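One chain is shown next in structure tokens, namely the form predicted alone.
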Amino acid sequence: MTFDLEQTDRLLQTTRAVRKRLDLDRPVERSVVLDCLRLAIQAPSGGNSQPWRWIVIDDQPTKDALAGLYREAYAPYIASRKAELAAQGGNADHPIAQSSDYLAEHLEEVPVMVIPCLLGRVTADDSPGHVAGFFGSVMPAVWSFMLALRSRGLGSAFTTLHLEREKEAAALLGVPDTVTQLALLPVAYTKGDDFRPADRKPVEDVTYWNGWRQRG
């Protein structure tokens, strides 16, 4: 089977973290979310364990509560981050910071939130290999979900700040303490479709061959 590489590459290069361009006024159908999740769970997982569970939130009071928990964690985080940037001579009002502010201010207005979860927990005694395998068993599915959203004209952003209030979120959603919440993904249709590849360092600068910092 031959894929359309131009289309595939465009999908991979233009799946952005979308915040300010989320359409907060257009509803997102549950069927669309399910279609994207149906693709997401085709992703590989360690030992084919498929340890993922997906909490989809479209209930307004629940979105309000989650957004409140997110903002509780966001305020000190962004203040510290902006102070750090200013001390380094950087721009505290960088576009990414502005878009992050916007998402925090409007999070409860997104049509849908999705919280990917993992069955199980990691402990301080777990080996690096176990931790990598644990989270690596759901991250490919999360990225597939975001790609599926993009291919249908929707966008999202991988956010984790609500996890600073994980216990409160778990109580709100009825998540047992044997389950790990991985992220909170705001989901909405996007305003426009003119997403472009991001500025990145040349791949040659970040690729080593046969050893750390070996250029081949």
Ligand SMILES: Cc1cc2nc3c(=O)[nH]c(=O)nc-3n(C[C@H](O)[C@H](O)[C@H](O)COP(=O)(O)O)c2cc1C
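Start at 1 with the first residue shown and count on from there. Keep in mind that what you see is a predicted model, and the values were worked out from it rather than measured.
The same protein also exists as the form predicted together with the ligand; that form is not shown, yet it is the one meant from here on.
With the partner left out here, the ligand still marks one of 160-168, 56-64, 147-155, 173-181 in the model of the complex; by a 4.5 Å heavy atom cut-off that stretch is 160-168. Comment: the ligand is not present in this chain, but in the model of the complex one of 142, 103, 115, 112 has a heavy atom within 4.5 Å of it, namely 103. Contact annotation for the candidate site: 10, 43 and 134 all lie away from the ligand in the model of the complex (no heavy atom within 4.5 Å).
For residue 201, no non-hydrogen atom is located within 4.5 Å of the ligand in the model of the complex, even though that partner is not displayed. Interface residue remark: residue 96 is counted as part of the site for the ligand in the model of the complex, having a heavy atom within 4.5 Å. Taking the partner from the other structure, the ligand in the model of the complex has no heavy atom within 4.5 Å of any heavy atom of residue 20. Taking a 4.5 Å heavy atom cutoff to the ligand in the model of the complex, the one contacting residue in 62-85 is 70.
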